[in-house]
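Take a look at this single chain, the form predicted alone, given in structure tokens.
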């Protein structure tokens, strides 16, 4: 279906949360999307303006309860729900008349993993199944990109935000064979919006301002199997990763420092060329000029991932630093980018590369 002659009508389940709100911010400025029904759970009955006051053009919309009936009659349904909640609703949508023709975009984790055992280990529930993975720039070992699998699809699993940052940092080296993936170390600085909108004591400003706090330490973070999955798609025979995220006092952004061993016999002077080749034609993933390092401020509000790479010869390691806005390239922007491919639209439609700085 080519949508360029008409607007696709989009419903958003979970419109009151950060991910749903960010999708709507992008969708309101998208030339080929029209915002339809908006649903919520505890905020049902309220206006969107009461919970997302920055979304002025939609402020008067009333939030409906989240169920398959409310979401019916749309070309696209976006699920911005807590992990574990998308599977049942997606199944209910599929059972409706014409439900298999609706494009369903899951911003949650339910359909990202290909390994059901890994899902059960990290999420503790039964796996809902695997959908086409919504990272268009993901490099496949055969040299193709994941965007080929997204063209015309009716189901999209949007990646985890941390996963996107680490994958985009390391995958050129994996695909080119200049780094080894059996000793990857990733340490991330994360903005608080990545923790969601639920009220929790450690997310209060009085706890967070002026503090940096690690979480999900020691191999427990749910994004670990997804990072392993992506680097294996890019050609790594096996992946071992130590992954440590840290909350820092900013509302948006991820700065991911990911390192891996330089493949023995590789000339350090040739390493950067792998990243140059990988991202030369990508509209949203940019390798910065040699010596310029990414900061999260460069990416705020934009669908960009800014990457830098260096070789630490004394340590025998390649160091990558990647900055993204966790709510845009990390979530809602990836959703729009993948949705554009599914609908036969220009991949860049409705997305910007200019950040909000300072």
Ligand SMILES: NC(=O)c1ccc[n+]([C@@H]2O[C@H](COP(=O)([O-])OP(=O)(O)OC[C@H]3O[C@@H](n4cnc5c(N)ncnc54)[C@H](OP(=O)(O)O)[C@@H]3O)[C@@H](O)[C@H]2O)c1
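These numbers come from a predicted model, not from an experiment. Positions refer to the first chain, counted from 1.
Another form exists, predicted in complex with the named molecule; not displayed. Remarks below refer to it.
> Where does the named molecule sit in the predicted bound form: which of 194 to 202, 224 to 232, 176 to 184, 114 to 122, heavy atoms within 4.5 Å?
Stretch 194 to 202 is the one.
> Using heavy atoms only and a 4.5 Å cut-off, decide whether all three of 170, 244 and 260 touch the named molecule in the predicted bound form.
No residue of the spot touches the named molecule in the predicted bound form.
> Could you confirm whether residue 274 comes within 4.5 Å of the named molecule in the predicted bound form, counting heavy atoms only?
Because no heavy atom of residue 274 falls inside 4.5 Å of the named molecule in the predicted bound form, the answer is no.
> Please check if residue 83 has a heavy atom lying within 4.5 Å of any heavy atom of the named molecule in the predicted bound form.
Taking the distances in the predicted bound form, the answer for residue 83 is yes, it comes within 4.5 Å of the named molecule.
> Under a 4.5 Å heavy atom criterion, is residue 317 part of the interface with the named molecule in the predicted bound form?
Looking in the predicted bound form, residue contacts with the named molecule do not include residue 317, since no heavy atom lies within 4.5 Å.
> Does residue 336 make contact with the named molecule in the predicted bound form, using a 4.5 Å heavy atom cut-off?
Residue 336: no contact with the named molecule in the predicted bound form.
> With the named molecule left out of view, which of 78, 188, 90, 161 would have a heavy atom within 4.5 Å of it in the predicted bound form?
Of 78, 188, 90, 161, the residue with a heavy atom within 4.5 Å of the named molecule in the predicted bound form is 161.
> Scan 308, 37, 43, 296 and let me know which has any heavy atom within 4.5 Å of the named molecule in the predicted bound form.
Contact with the named molecule in the predicted bound form is made by 43 alone.
> Of 318 to 342, which residues get within 4.5 Å of the named molecule in the predicted bound form if you count heavy atoms?
If the 4.5 Å heavy-atom criterion is applied to the named molecule in the predicted bound form, 318 to 342 yields 326, 327, 330, 331.
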